[in-house]
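Read the single chain below, which is given as structure tokens and is the form predicted alone.
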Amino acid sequence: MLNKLAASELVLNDDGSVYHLNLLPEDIAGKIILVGDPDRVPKVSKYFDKIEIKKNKREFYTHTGTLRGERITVMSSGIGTENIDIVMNELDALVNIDLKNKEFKTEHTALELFRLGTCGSVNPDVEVDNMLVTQNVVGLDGLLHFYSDYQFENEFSRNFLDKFPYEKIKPMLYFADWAEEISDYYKDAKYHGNTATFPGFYAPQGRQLRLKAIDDQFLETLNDLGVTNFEMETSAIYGLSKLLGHKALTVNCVIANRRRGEFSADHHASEKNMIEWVLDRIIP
């Protein structure tokens, strides 16, 4: 591969910022909180001692400031792994590509990425309004198969693939796990588990309105294969972090237990508790 990137490969705005995120290298910190909802960005940054950067484009909102003397960024990704593909590649470009010369830097920078989200659980023993940290993840969206160098397997992935019964979905599956070297940030979470990242909210998550899902027992089958919870972003965050050399952790607040038919009585309070819990641990 040539080190010099064509203008069509690394697309920049007129001010030299990366195309979708609308950011310059100096706009981000080494620790970045990723949230899906743009409205959650100010809910995080209100805890900062100072906010120095506020930028947005489309669904990508970014606030960078300081907390207890350390620089930190919070950014919204929007929904789904297709958006994470944009976020991860452009964040990496900000720290590992010379944007002016469009050349790879010789010294690699590893970001610490912390996803904060909400999720549903397929495990009847998991209580709502508690935090669950993703150790292993299975992606059902196929994204990482578009990257030539991605390979990952462990005990969870081997067991899952061996017993997964849906043959037409099986070729899309890929796996990843957390950055163990920073997992101690969340060592006191109530739950650590295995997450399924879905490519949609309705049939992929077993919901049926006018269209029928693949199987009425789909979520139960995933639980039998060791899945604890499900959401729509983590597989891409973990997988692309491994390819790009970054460190990622996901914590989700469980707001629904699909097996028990329960939903959080006050998911806004649970969200607030999660934000405070994470900030107290990543910047003590």
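We number the residues from 1 along the sequence you see. Since we're looking at a predicted model, the values are computed, not measured.
One more form of this protein, predicted together with uracil (URA), exists but is not displayed; see below.
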Interface residue in the predicted complex among 249, 33, 240, 255, criterion: non-hydrogen atom within 4.5 angstroms of uracil (URA): 255
In the predicted complex, the one of 205, 130, 89, 157 near uracil (URA) [non-hydrogen atom within 4.5 angstroms]: 205
Contact test in the predicted complex: residue 61 vs uracil (URA), heavy atoms, 4.5 Å: no
Contact of residue 118 with uracil (URA) in the predicted complex (heavy atom, 4.5 Å): yes
Residue contact check: residue 201 to uracil (URA) in the predicted complex, 4.5 Å heavy atom: yes
Residue 236 within 4.5 Å of uracil (URA) in the predicted complex, heavy atoms: no
Proximity to uracil (URA) in the predicted complex (heavy atom, within 4.5 Å), stretch among 25-33, 224-232, 66-74, 53-61: 224-232
